[in-house]
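A lone chain, given as structure tokens: the form predicted alone.
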């Protein structure tokens, strides 16, 4: 009888501990603290009838002309070897869905994607011509499939990458993108207005990493104070509910 009671008590304690976990959201907006560079127009040299149908511009640094929001800055949880993390239940279904990067108008759309280990990367081609997608991963075997018109290829990665992998098309050499593979779902890519949001993080202090195609973002002005981030790393406290970091002002020199 005592053994049964002890088992029930331990079970209740485990259930109570699991339900006690609190969650929070981190959000903010990256803003260029200076003059936005002019977007360089790309000279189309291959399949001009298709690729030259609409103007193409270099996408290494994309800044919103109206509000100076910076697109395509990656923000993700940087787990150390000793960090233990159980993701929020809402992410259990998300990992089963593919992350899609399409070839559209002879460019990769989205330009930057993030996915989890075990999640499917789907590279599609909505153009009437063939493309290839060379993904230069280092922890995983690189791939370079030919993707015929109106078709797609799928790839599942077994390991996390330390840095985002370059994506390119050898047929159309101006085409570039980035793919990041993480062991967890806690990541975001800033949108056309510079906004990013990571939901359902475990409450507590965590290290985040800030990465742009030009390299790690190592300095920003947050809430009127200069913040230094060695190799793009910054410890933030995730509070229950929503934590809005506001505008993170980034100097143009940080993105070169």
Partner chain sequence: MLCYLQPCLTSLGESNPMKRLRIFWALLSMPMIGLVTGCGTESPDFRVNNVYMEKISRELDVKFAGQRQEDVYTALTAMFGTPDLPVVTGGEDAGVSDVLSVENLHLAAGPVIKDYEAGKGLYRQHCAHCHGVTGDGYGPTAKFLNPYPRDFRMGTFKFKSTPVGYRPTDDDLTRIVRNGINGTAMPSFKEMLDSGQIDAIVDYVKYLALRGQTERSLISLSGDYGYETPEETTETQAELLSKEVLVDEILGAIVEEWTSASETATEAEGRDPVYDFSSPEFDQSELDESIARGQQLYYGAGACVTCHGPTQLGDGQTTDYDNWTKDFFGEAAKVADAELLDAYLTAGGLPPRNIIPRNLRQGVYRGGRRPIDIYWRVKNGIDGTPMPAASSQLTDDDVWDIVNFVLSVPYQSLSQPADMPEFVRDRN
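In this text the structure is predicted, and so the values were computed from the model without any measurement. Residue numbers count along the first chain shown, from 1.
There is also a form predicted together with its partner chain; it is not shown, and the following applies to it.
When contacts are defined as a non-hydrogen atom within 4.5 Å, all of 47, 216 and 233 contact its partner chain in the predicted bound form.
Listed residues 171, 95, 85, 104 were compared with its partner chain in the predicted bound form; 171 is the one with a heavy atom within 4.5 Å. Its partner chain is not drawn, but in the predicted bound form it has no heavy atom within 4.5 Å of residue 184. Its partner chain is not drawn, but in the predicted bound form it has no heavy atom within 4.5 Å of residue 89.
Looking at residue 126, you'd find every heavy atom of it more than 4.5 angstroms from its partner chain in the predicted bound form. Taking non-hydrogen atoms only, residue 145 approaches its partner chain to within 4.5 angstroms in the predicted bound form. Stretch-level contact check against its partner chain in the predicted bound form with heavy atoms at 4.5 Å: of 113-121, 96-104, 158-166, 67-75, the positive one is 158-166. If you take 121-142 and check each residue for a heavy atom within 4.5 Å of its partner chain in the predicted bound form, you get 128, 129, 130, 132, 134, 136, 141, 142, in sequence order.
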